[in-house]
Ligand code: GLC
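The chain below stands alone, shown as structure tokens; this is the form predicted alone.
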């Protein structure tokens, strides 16, 4: 294990900063709030790295993914000094810090876009994708925004459309302009020089588009998304507005930049591609992304066969020397406690933390925070305002720390949280679960501690083995993991010592799985 890079042996914990800890009383989480909870992350929970969603200066049209200044901290979240204190606190506790990098688009309030928009002959005009309307005044092509509607917005002053793959406040940068690439790399160097350990690249396969801007073919029937419903967007075959081969050139350049730093820096890309062969191409020759996020388990059938098939498929396409990744929840998808059912949460925890690769845990999943239903009229998410079922507010509700005022998320007397807490926060919180020896939180703590001490789980090979129907079993060197996806007992022909049971009791045996039980068996 000593020869492995840190990003292969650690568990990442994603924090949505608006929702983690409010220290100012305005109902919105901030960077000092994250710093105040580092002991929980490092010592109580036991993760090795944290990934923080955007905290840059932003008008918040898409809650920080519309960046107005890539080298700043939005006053909502604190100051640059607050960031430096957070980074120092992370490193002092032996953890790593990963930040979001949003290269596909900037806010329309970014100084670059303001210049670009000012006239057709401005030197920064070509920093974004501008095109004339069709003769009838309609957009240049049929591309659809991922948030529904045309992916183009007409600028009345200059008479041209600009490309906006997401909201109209998020203008797509033109990465075919070398000046854009150098400016974005300079902004990235700012954070690397400051000491951040890695980057999560937002919509990493969208950066380069078809240079001819050809129309996407329309599907005869709506495509099934790898994650959630995207409305009209899923009616098109997205051949030209994302996934262009030139994306690989960009990621090789990013990797070269990261590799120029010591100690080693890390990149993981948000790649929503159902075709795993294409997905795996973003490893390159191990000279592009350190790995692309693997979302295939999020909506796989929650059965032993369904999960086993997805894991095997991923293992088959990860290149030799490459490292897999697994994700069950994040800031864009419904909470796993609601998606899978709370009784499945212990099994999900053991699955995530025992597969080969880097697991990423979403804040609050360790206590099974459920999805909060928020009607479209009350949603703040621009996606949800247009398509209620696509809204993401429900998975971004505040962290539930204890049963005090506002679940300990805000100080006493603070404003209401920016999103409502889940209804059961008084009984479902960190403090309550820490006091329960058999809680989900204590299971996560046991699994994280076991993984940290286990060469097999950190570095071992993965091999699925035969098991009775309803059971997924696999070996990680000298360990066998057996997961019962059914509500009945399953008899096993396995021997050894039980390292961890999802029941967190002393009644486990390697010869039998109780309903929805998972076992780590030492052989």
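These numbers come from a predicted model, not from an experiment. Positions refer to the first chain, counted from 1.
Unshown form predicted together with ligand GLC; subsequent notes refer to it.
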property: Position in contact with ligand GLC when the complex is considered in the predicted complex, options 270, 197, 365, 172, heavy atoms within 4.5 Å; result: 270
property: Contact residue in the predicted complex, chosen from 105, 209, 110, 428 - any heavy atom within 4.5 Å of ligand GLC; result: 105
property: All of 166, 203 and 332 with a heavy atom within 4.5 Å of ligand GLC in the predicted complex; result: yes
property: 4.5 angstroms heavy atom contact with ligand GLC in the predicted complex for residue 396; result: yes
property: Non-hydrogen atom contact residue 83 with ligand GLC in the predicted complex at 4.5 angstroms; result: no
property: Residue 392: touches ligand GLC in the predicted complex, heavy atom cutoff 4.5 angstroms; result: yes
property: Contact of residue 152 with ligand GLC in the predicted complex (heavy atom, 4.5 Å); result: no
property: Stretch from 442-450, 324-332, 415-423, 347-355 whose residues place a heavy atom within 4.5 Å of ligand GLC in the predicted complex; result: 324-332
property: Residues from 63-94 in contact with ligand GLC (non-hydrogen atom within 4.5 Å) in the predicted complex; result: 65
